[in-house]
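Read the single chain below, which is given as structure tokens and is the form predicted on its own.
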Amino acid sequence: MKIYIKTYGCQMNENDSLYMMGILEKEGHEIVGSIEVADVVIINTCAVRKKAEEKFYGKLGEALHLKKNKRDMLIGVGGCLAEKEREKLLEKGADFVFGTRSYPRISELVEKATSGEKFTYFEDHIDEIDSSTPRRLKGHHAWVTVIYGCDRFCSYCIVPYTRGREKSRPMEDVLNEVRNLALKGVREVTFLGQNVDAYGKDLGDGTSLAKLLRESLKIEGIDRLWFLTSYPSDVTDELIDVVASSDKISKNFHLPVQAGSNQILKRMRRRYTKEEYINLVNRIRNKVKDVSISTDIIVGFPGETERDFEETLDLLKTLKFERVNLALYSPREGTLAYKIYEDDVPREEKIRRFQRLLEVQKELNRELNERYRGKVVDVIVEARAKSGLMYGRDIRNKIIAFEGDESMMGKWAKVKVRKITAGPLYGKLVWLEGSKDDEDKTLWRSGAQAKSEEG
């Protein structure tokens, strides 16, 4: 059968979809890139914010419209919104609905749906995903999920209810997957988890993210290791030391702070204070040379006063994050915040605060990016941007764009930064792995960090 899969949400959802594609292809199905030619449409959903839900319902409407003229087409819905809405999605037109830990059985679910029966399926089969599970690959980079679920239960977050409690994969199985990926030409791996720093705690055998990174460094062919997303109070000194120890591990910590006010952090049920968060950032910066820190902030959480907002703004200016993901607070049915707090910050005020934070962050980005001017930066070429330029990321997760073509993808390159913006950097290619002037291969194999150059 021809199967079209549309994914919304985080990297975890993207990775789940890649596994589904691999499982379905192994069973002889064809994955197609167009919904119009599909026999089966599978939508992998997100429920973190209202906007993600709206996008899903738009795509569901498109599929239902096509089904009017193609009555034998099947529509399946999985992911976080499926966990939240369940049978309601059958009433809205889906033929089958499945949970976030049910997708390892996707081939069986598709087969069952062909019988004409409408059904939901929410059994936990996540342990069936291991290093032998077939999956789609996307070039030189691969995501590897190491821990599922989250035990933090922040008051605004639906994830613990849709993804379940934390469950780590055995470290040796993860390492086997990384070895298999390296044999297939993958050069960069990102370890994923809703709370990746909690990896191994539930296993009780001493497994940790720090140990996983240390062992992964021994795998030949893997040139860079990344990890996300981190929960601040779960970041250990051991993890910081491991990141500092190797040029193959990304010098980037994504540490969602969510707010700069202790009052709001308490209402959010975050397990740290502003002062503890600042201390963590300082510890990381003291140990990891030239590290990049990025974060998430929720604007307009219930009860957020102007003073609370000013504290968040001050935190932004003080810590000078390399990147900030901003989001307006939106109530999520099923969360504690939805039950006990009134969404009392007017939307106009949320937007004003959002714009103010955005303006300050843009200025900070431009200031921080100036440090790159004239530098030669090592990147692995990732893809072609909408602008037509190729781009790659350096070890600090900074995007640098430059003239090139698709033949460069997956190769190490050295790019001299010529133009600075508040977002991407722009430069000129000065060296490419495998080119005629590829004389010193030790440079790209070591993943050396950006070096200054005159001019």
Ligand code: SAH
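One rule holds for the numbers: they count along the sequence shown, beginning at 1. Everything numeric in this text was worked out from a predicted model, so none of it was measured.
Only in words, not in the display: the form predicted together with S-adenosyl-L-homocysteine (SAH), which the text now covers.
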Options 104 to 112, 179 to 187, 226 to 234, 276 to 284; stretch whose heavy atom lies within 4.5 Å of S-adenosyl-L-homocysteine (SAH) in the predicted bound form: 226 to 234
Exercise: Arg270 in contact with S-adenosyl-L-homocysteine (SAH) in the predicted bound form, heavy atom 4.5 Å: yes
4.5 Å heavy atom contact, Val77 to S-adenosyl-L-homocysteine (SAH) in the predicted bound form: no
S-adenosyl-L-homocysteine (SAH) contact in the predicted bound form: Asp343, any heavy atom under 4.5 Å: no
Partner proximity in the predicted bound form: Val97 to S-adenosyl-L-homocysteine (SAH), non-hydrogen atom cutoff 4.5 Å: no
Ser292, Asn365 and Gly427 all contacting S-adenosyl-L-homocysteine (SAH) in the predicted bound form, non-hydrogen atom within 4.5 Å: no
Option touching S-adenosyl-L-homocysteine (SAH), based on a heavy atom within 4.5 Å in the predicted bound form, out of Val381, Ile298, Leu239, Ile147: Ile298
Among the candidates Leu328, Leu358, Leu217, Ala385, the residue which, in the predicted bound form, approaches S-adenosyl-L-homocysteine (SAH) to within 4.5 Å (heavy atoms): Leu328
Stretch 32 to 60: residues contacting S-adenosyl-L-homocysteine (SAH) in the predicted bound form, 4.5 Å heavy atom cut-off: Val48, Arg49
